[in-house]
Every structure is written in structure tokens, then in C-alpha cells.
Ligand code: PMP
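One chain comes next, on its own, written as C-alpha cells: the form predicted on its own.
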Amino acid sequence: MHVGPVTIDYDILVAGLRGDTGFTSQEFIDAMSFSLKYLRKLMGADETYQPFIIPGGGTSAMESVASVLRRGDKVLVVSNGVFGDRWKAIFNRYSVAVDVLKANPGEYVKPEEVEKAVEEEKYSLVTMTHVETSTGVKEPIGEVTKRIRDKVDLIAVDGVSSVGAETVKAKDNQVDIYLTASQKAIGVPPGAGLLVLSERAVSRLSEESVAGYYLNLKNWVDVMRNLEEGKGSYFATLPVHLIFMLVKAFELMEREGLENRIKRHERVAKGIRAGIESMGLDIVARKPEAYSNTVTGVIVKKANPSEVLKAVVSEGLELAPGVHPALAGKYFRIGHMGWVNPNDAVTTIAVLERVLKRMGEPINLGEGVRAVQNTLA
């Protein structure tokens, strides 16, 4: 129950067990073509969007967004935590100006705040984080885009901890760049960054870009187009074996149905939160509308979060440390994404009850498991 990499389905792992399968093989070309097409569906995009699958992960996908920026452009970063702040750290390396709207820990930047900022200043790009992995807080993307779409050039959304588990509507919400990574809710090992770009965003790929070489999407766009059309193409080596695993994951998603997949994540998340609250613990996300389907931050009053993480491992459970500096030493995180099921929620709460009780944390022993069961029944 880590926030990523998540536990991988064995059928997905086996799909990557191949010997000499090169990036010029028809087998790989077909796998890339299928994956690129399915990525549009996963992102809620249509044929006007260009999909990309590039080496790396969420951060490489984020940095590749510099491909649409030019010297002197101004960027507004909407940050709800550590990974929202990463946008600023990335863009500060380039010849662009960066402003930041920042929420308090456990909260999200309100749509009206973003609207006010873009009314007062002209921005080439606004970036947001759909689900902030450091806190589990969800930004209301659709509400924000309705308010700012006609006031900014481009909108980019980090969906690293949302795509595959939350409703994502790139086209309907008029988002120009939606990105994610392979190792989160998609449920594949780490190694790929996945993006879709609108026609408006693709038109900004040019020699005037401030981007470097490897993550400059201008160098990848023709490769992606060719591979989707079933033609071999090369710029740099793609994560070949991971792509075969991605195909299997997408096949499993299609079999389950994306709506059913989102409902499963929502059900598991509700069960875990019910268990945490019934134990008497607080959740980092302060309002229910900010709860996500993928990550829950848990605040402890007495126990040392680091010791909790060590203890649960001995019980067969892996959780994630808290990484928000403002909450250092006060919380840990539960990841509930990918191939999680209701039994995982019950197990997680049961283990936490035992561990926290032994550590002297004031909890309502047994009430957490009861609440999970009642929520899932």
C-alpha cells in the first residue's frame, strides 16, 4: 500500500519477460501503437491530442513540458504541496518567469484564487497537480479550467497520482497537457512518462523552445506519430520491456472498464478513510471534497511515523513516509491505487490498529476494522 511504485499484477510482470525484442521489431511497434491509442482513452482525450510515452517517469514528463515554453514566457504554478512545488523547481532552471500560488498543507488552491491570479497577470502556462501525492489532496481541475481557460495560453495538469484511478477529462476540461507515470495508478513498474498534448500545445513545439535535448518533445513527436501508425521510428531508446507490460495493464483496464476501475478505487479509498477516522486519527486532507481515490495522509498524535513504517513492514504491509516539510514527523501516507481491492483496505486498517496500539497511540481498537467492513459491505 505504498504511494508508488505500487504492487504489480503478476500477469503484467510476466508480459515483460522477453529476451531479444528490439525497438525496431514489429512486436514492439505494435505494442507502442496500441499503448499510444489507449493512452488517449485513459486521459479522456480525442484524436486531436498527440500522445507521448517517453523514458523516465513523472518528473521527466513534467520537465518535458518546458518544450512548449519560450524565453521570457511567464508560468503560474498552482501548488498544493511538495510535488506542486516541483513545477517551480523545474521551470526555475529555464529562462522563464515563475509565480506560485500555494495552499496550506491539507488544503488546495481555490479556483477563484487561480482565476484572480490570471486576471491580474498574463501567463503562457498554468500548471496544476490533480492529486498531490505528498498530502493526498485533490484539486478540482474542471472548476479551475472553466474559470481560466479563456485567460491563459496553455494549461498543464500533473496526473501522476490520478490517471487510472480518478476521472480524467483532458478534452472536456480543455486541458492542453495531461501527464502521468507508469508506476502509480496505471500499475506498471517505473520507467515511463506518459502525456497527451492538445493541438495548441503541439503547435508550440519549435526551435524557439527553452527545452534541452532528451526531454524536448519536438524530438519525440514524429517518433510517436510514426509508431502509432505502425511504422518503426527512433530518437532515443524507449523502455521496450516496460511497454509490453503497459500493454497488458491497458488490456486489464479495458477488461475491467475505466468507470468500474475508478469506482473500485473510490470504494477502497472510502473504506480506508472510514477506518482511519473511526480509529480516532486525523486525515491530512482537511475537507471531504479534497479527498482522493489514491493517497491518504494519516496524522498520528504520539507514535513516531518512522517507527510505524518499520513496524508495519514486519506485519507484511508497506506504507509511505510523509514528505511534506510542514508536517515532518507528524504523518505517514497510505497508497491505495493500481490493483488494490477491498481486502487490501481491511488488511491495512487491521495492521495499523495492532501496530499503533502497541506503540501507545490513543486509538479505538477494533473500531477501524468495523468501520471498513461496514463501508465495504
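Just so we're clear, the structure is a prediction, and the values are computed from it rather than from any experiment. Throughout, we count residues from 1 along the sequence that is shown.
The same protein also exists as the form predicted in complex with the ligand; that form is not shown, yet it is the one meant from here on.
Here the chain stands alone, but in the predicted bound form its contact with the ligand, taken as any heavy atom within 4.5 Å, falls in 183 to 191 among 299 to 307, 239 to 247, 183 to 191, 274 to 282. Of the residues given (A345, I334, M62, L352), M62 alone sits with a heavy atom within 4.5 Å of the ligand in the predicted bound form.
For the residues N80, T127, N293, S161, the 4.5 Å heavy atom test against the ligand in the predicted bound form is passed only by S161. Contact annotation for R264: none of its heavy atoms lies within 4.5 Å of the ligand in the predicted bound form. Taking non-hydrogen atoms only, R86 approaches the ligand to within 4.5 angstroms in the predicted bound form. Shown alone here, P51 lies farther than 4.5 Å from the ligand in the predicted bound form, counting heavy atoms only.
Shown alone here, G322 lies farther than 4.5 Å from the ligand in the predicted bound form, counting heavy atoms only.
Looking at 128 to 157, the residues that come within 4.5 Å of the ligand in the predicted bound form, counting any heavy atom, are T129, V131, T133.
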